[in-house]
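To begin, one chain is listed below as structure tokens, in the form predicted on its own.
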Amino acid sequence: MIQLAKEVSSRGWIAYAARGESGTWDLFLMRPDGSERRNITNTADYEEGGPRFSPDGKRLLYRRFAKGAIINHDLWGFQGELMIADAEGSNPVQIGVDREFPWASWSPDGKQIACLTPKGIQIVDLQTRAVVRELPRKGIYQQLFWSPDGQWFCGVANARIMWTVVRMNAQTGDLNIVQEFQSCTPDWFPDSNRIIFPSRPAGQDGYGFTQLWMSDGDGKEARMIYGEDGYHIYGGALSPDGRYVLFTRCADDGGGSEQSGAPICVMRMENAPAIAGPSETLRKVHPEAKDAVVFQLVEGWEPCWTYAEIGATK
């Protein structure tokens, strides 16, 4: 673990939400080894969460909620106001009113956002804030993210059954299933070919909880990344080069947004699949899994990673 911390210490920055000194949710930056941690919103009158770096790492998209709001781990993308600030938290701009531009996700060039609305998937020009294109959502109901190459969306859908991770062609709207049954909160690998997501496979009886999985976009090569009996693994995200994986390790289902988050962890992707702790039954299901080498950071929620350098708040 010490070697892993040294390895990632200078590899950019992690943004995440956590409780500030006032008790509200604020946005923080830290180095991937947990050093140089700083509060970049520090607002006692609002709650902030769901940070997402722009593709060039220069801006940060997030949602701002009313003070005291309970941030629902399933519905947070529909809550609050969309905000965009410089990566170090300066110059915050409110983009929409409460519940407008839901589940906003950056386009590859950072000039547009994709939003998941009851009417469909809307592509919005950030300069004019006009809807320039729209696609049917085809059962997708949360966690919409645009692939880095701009060719795909991923999300959680009611496709044959609920809690199914799907991929959608961003031009045609064609949709395919990636992983069925108790799978959620997907995100993209940097290559746009693979998807990372938490999954709770069928047949678990008293073991496993929620593991972190990955699959190719066709859903044909699904495999576990990390699992541990007694914990729900959420917040899965990749470093910009795909060599490292971020996740949160929570004893309670949901990732901890309703309370104070969960420990943020870093692991090398080359060590996957990995299992932590005794996890005897889980190890029988995945006999090829290695012992996890994981570096645990602070408690937080929805971390993301950029290799761009970020200066101090002005």
Partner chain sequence: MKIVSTLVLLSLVWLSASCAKKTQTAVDPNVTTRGSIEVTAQLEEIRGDLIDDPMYDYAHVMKYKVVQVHRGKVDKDILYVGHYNPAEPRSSVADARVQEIGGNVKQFRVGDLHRMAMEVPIDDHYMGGIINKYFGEVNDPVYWAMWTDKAEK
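Computed from a predicted structure; not experimentally measured. Numbering follows the first chain given and starts at 1.
What comes next is about the form predicted together with the partner chain, which does not appear here.
Of the candidates Asp191, Glu100, Glu134, Asp74, Asp74 is the one whose heavy atoms come within 4.5 Å of the partner chain in the model of the complex; the others do not.
Scanning Met214, Ala104, Ile140, Val178 against the partner chain in the model of the complex with a 4.5 Å heavy atom cut-off leaves one residue, Ile140. At the 4.5 Å threshold, heavy atoms of Arg160 reach the partner chain in the model of the complex. Taking the partner from the other structure, the partner chain in the model of the complex has a heavy atom within 4.5 Å of a heavy atom of Tyr234. For the chain shown alone, Asp253 is a contact residue for the partner chain in the model of the complex, at least one non-hydrogen atom being within 4.5 angstroms. Contact between Pro118 and the partner chain in the model of the complex is found at the 4.5 Å heavy atom cutoff.
The stretch in contact with the partner chain in the model of the complex, judged by heavy atoms within 4.5 Å, is 162-170, chosen from 237-245, 162-170, 122-130, 81-89.
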